[in-house]
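Only one chain comes next, encoded as structure tokens, the form predicted on its own.
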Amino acid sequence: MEAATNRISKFGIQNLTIKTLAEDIGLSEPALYRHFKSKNEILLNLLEYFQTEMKSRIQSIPFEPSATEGDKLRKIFHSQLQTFSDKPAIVSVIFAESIFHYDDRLSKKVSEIINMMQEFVNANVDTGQKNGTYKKLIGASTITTIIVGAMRMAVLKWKLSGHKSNLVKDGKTVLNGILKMIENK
């Protein structure tokens, strides 16, 4: 998985093939075909690997007892954006959903990852609205869509810039702007 991630980071997702990956890890193509039947199977395994890592990482984020829902959301997104900055190939795979529309398994896996993030955010917003941290002018589902959509836009801009901007800083600015609109302060 690391070799596939490195290949995508260096050469793009279109350059990931069984042949190039076999060369990278010093295996023959037939040996690699025993583990993966196709490029899409490699991508599916990458997505599953990232999904498992993301869930574990987010669930293990330590929150101070006095942390507000906004503080928690900031830590979740900081962790996510830092991971993307550290491993930009993850973004290349997750944001390649347009090439996955021909493979239902890949589309479904990307959808699961997006839904998992939405669930974390929605639970945060719902709790924040119930405990008075967040305003109730807009429903939790709508606020979740705004937050996740804005963060996806920040990541996409970073990706299209060739990773030249500071994703963590830009994402923090976007999230803080949204929180300023929804927090009761």
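Quantities reported herein were computed from a predicted structural model and do not represent experimental measurements. From 1 onward, residues are counted along the sequence shown.
Not on display, but discussed next: the form predicted in complex with the DNA.
> Kindly indicate whether T17, L27 and Y33 are, all three, within 4.5 angstroms of the DNA in the predicted complex, using heavy atoms.
Every residue of the spot touches the DNA in the predicted complex.
> Which of these stretches, 52-60, 155-163, 121-129, 36-44, has heavy atoms within 4.5 Å of the DNA in the predicted complex?
Every other range fails; the passing one is 36-44.
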